[in-house]
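Here we start with a single chain on its own, the form predicted alone, put down as structure tokens.
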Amino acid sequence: MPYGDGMSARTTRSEERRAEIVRAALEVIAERGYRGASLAAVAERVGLTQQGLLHHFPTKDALLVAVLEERDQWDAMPHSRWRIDLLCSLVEYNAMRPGIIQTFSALLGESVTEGHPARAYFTDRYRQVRATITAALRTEYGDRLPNGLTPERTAPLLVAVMDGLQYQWLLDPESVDMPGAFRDFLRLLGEEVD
């Protein structure tokens, strides 16, 4: 076997193992929260020793960043393609993956504490999401929505409703129709939705 082929196979195995560890970390964080999750629990779930896991992720914070980046890849959409009607689709999609939403929500809740390793990530993420939604609203409506609000004033409301509905839905999925409630909120903004 040529030297390059062996390196490629090892790289692929390492990437597959890293992906397996990230999936396991998502599960453990969803069950226990970030502070309650341990590297030992993640390692055990994937059949590694803690030292073996540290070969792939040298710190718990590095693993957390990988989990958050992986989650973002699932929702990735070019900024130029954001439209308000796609937000309804995103809420419907989120309703089909409670484990991921639970992990995200647990990390978000914990990140508001001083010194949490995900605090900067969520602060930057929300800044970017608000800017992207503001731009999408401006493209669709100009400087004012049908209800008179500006895109800058509306974007934080949209984000707050999406995340607030996620928490309510996670706590009581039988009583909270997350996609339906989000469509109702868009109607309050003056948006025509199906």
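The first residue of the sequence shown is number 1, and the count goes up from there. The shown structure was predicted, so the numbers you read here are calculated from the model rather than taken from an experiment.
One more form of this protein, predicted in complex with a further copy of the same chain, exists but is not displayed; see below.
S.K.: Determine whether any heavy atom of Q51 comes within 4.5 Å of a heavy atom of a further copy of the same chain in the predicted bound form, and answer yes or no.
M.R.: So Q51 does not count as contacting a further copy of the same chain.
S.K.: Indicate whether T12 is a 4.5 Å heavy atom neighbour of a further copy of the same chain in the predicted bound form.
M.R.: Contact check for T12: no, nothing within 4.5 Å of a further copy of the same chain in the predicted bound form.
S.K.: Does any heavy atom of N94 come within 4.5 Å of a heavy atom of a further copy of the same chain in the predicted bound form?
M.R.: Close contact is absent here: in the predicted bound form, N94 is far from a further copy of the same chain, nothing within 4.5 Å, heavy atoms only.
S.K.: Would T139 show up as a contact with a further copy of the same chain in the predicted bound form if we use heavy atoms at 4.5 Å?
M.R.: So T139 does not count as contacting a further copy of the same chain.
S.K.: What I'd like checked is whether L157, G164 and A181 together line a further copy of the same chain in the predicted bound form, meaning each has a non-hydrogen atom within 4.5 Å of it.
M.R.: Contact check passed for all of L157, G164 and A181.
S.K.: Going by heavy atoms, what in 99-116 lies within 4.5 angstroms of a further copy of the same chain in the predicted bound form?
M.R.: The stretch 99-116, when checked against a further copy of the same chain in the predicted bound form, contributes Q102, S105, A106, L108, G109, S111, V112, T113, E114 at the 4.5 Å heavy-atom cut-off.
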